[in-house]
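Only one chain is included here, represented as structure tokens and corresponding to the form predicted alone.
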Amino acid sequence: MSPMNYIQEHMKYWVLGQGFLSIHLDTVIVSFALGSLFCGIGIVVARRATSGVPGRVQNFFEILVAFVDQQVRESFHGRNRLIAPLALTLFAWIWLMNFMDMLPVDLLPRLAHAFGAPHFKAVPTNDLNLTFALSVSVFLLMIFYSFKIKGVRGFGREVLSRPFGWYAAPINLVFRLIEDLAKPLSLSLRLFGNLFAGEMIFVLIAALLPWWFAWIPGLGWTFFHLLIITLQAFIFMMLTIVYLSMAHETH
């Protein structure tokens, strides 16, 4: 396979259906499997939790929960029991999906081919459909809590009177629409862009360099990319907390 064909092969999804209603089966399978894995391990750890000296897995989960809880306490200014579990879910799930980029680029595609899949992309966050789904979900929660906390009248007053006062209500509305639409766009495109670029570099290293040398730059990029995938999961979580905090502000 030529380098160009190799790169094109790694850019294709395992698609079910055609057109707008088509489904990327590889994205669905990997994201669902990783979410189920994290939930399953969390349930087992919670049931076996002890107040004595914790094991390594329990200690890891306690550190993770404490870290997310601290971020929520510092950034979220309302009262909502959903925010901390939501933040923990987003951070852990996105990090696990990002971590799939650390696997050898041909490992899962070759395994999938052995089971009859024509194409397979192992990194769900490299799929714009998934990152948009995550960001739109956060956006809908933000709108829901804006109405629930502030009421229709309070939310309408906020949209029409800020930042230039009631006399500039049409301009305020335009600015608010731009601001609100930019939030899901920035959340989804930032995550997708970073993971797409990271996977592309791995594919280019594998396609353009001989196998006996490719592991040297590949290993270096792996360590650097590990920081990127963690940072992207953290940014998505923090922006979600901030956006929902803004939705809960009534002053």
Partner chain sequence: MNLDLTFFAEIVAFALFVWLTMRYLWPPLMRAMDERARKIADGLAAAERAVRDLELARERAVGILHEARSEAQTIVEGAHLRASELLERAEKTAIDQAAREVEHGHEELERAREQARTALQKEVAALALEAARQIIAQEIDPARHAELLASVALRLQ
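Because the structure is predicted, anything quoted here is derived from the model rather than measured. Residue numbers count along the first chain shown, from 1.
The following text describes the form predicted together with the partner chain, which does not appear among the structures shown.
Single option in 76, 120, 155, 132 placed near the partner chain in the predicted complex, where near means a heavy atom within 4.5 Å: Exactly one listed residue reaches within 4.5 Å, namely 132.
Please identify the residue among 209, 200, 189, 49 with any heavy atom within 4.5 Å of the partner chain in the predicted complex. Partner contact (heavy atom, 4.5 Å) among the options: 49.
Given that the partner is absent here, state which listed stretch (106 to 114, 155 to 163, 174 to 182, 123 to 131) has heavy atoms within 4.5 Å of the partner chain in the predicted complex. That would be stretch 123 to 131.
Could you confirm whether residue 13 comes within 4.5 Å of the partner chain in the predicted complex, counting heavy atoms only? Yes - in the predicted complex, heavy atoms of residue 13 and the partner chain come within 4.5 Å of each other.
Contact between residue 54 and the partner chain in the predicted complex at 4.5 Å, heavy atoms? Result yes; residue 54 sits at the interface with the partner chain in the predicted complex.
Does the partner chain get within 4.5 angstroms of any non-hydrogen atom of residue 213 in the predicted complex? It does not: once the partner chain is placed as it appears in the predicted complex, residue 213 has no heavy atom within 4.5 Å of it.
Please determine whether residue 136 contacts the partner chain in the predicted complex, using a 4.5 Å cut-off between heavy atoms. Yes, residue 136 sits close enough to the partner chain in the predicted complex that at least one of its heavy atoms falls within 4.5 Å.
Let me know which residues along 19 to 57 have a heavy atom within 4.5 Å of the partner chain in the predicted complex, or say none if there are none. In sequence order, 19, 20, 21, 22, 23, 24, 27, 28, 31, 32, 35, 36, 38, 39, 42, 43, 45, 46, 47, 49, 50, 51, 52, 54 come within 4.5 Å of the partner.
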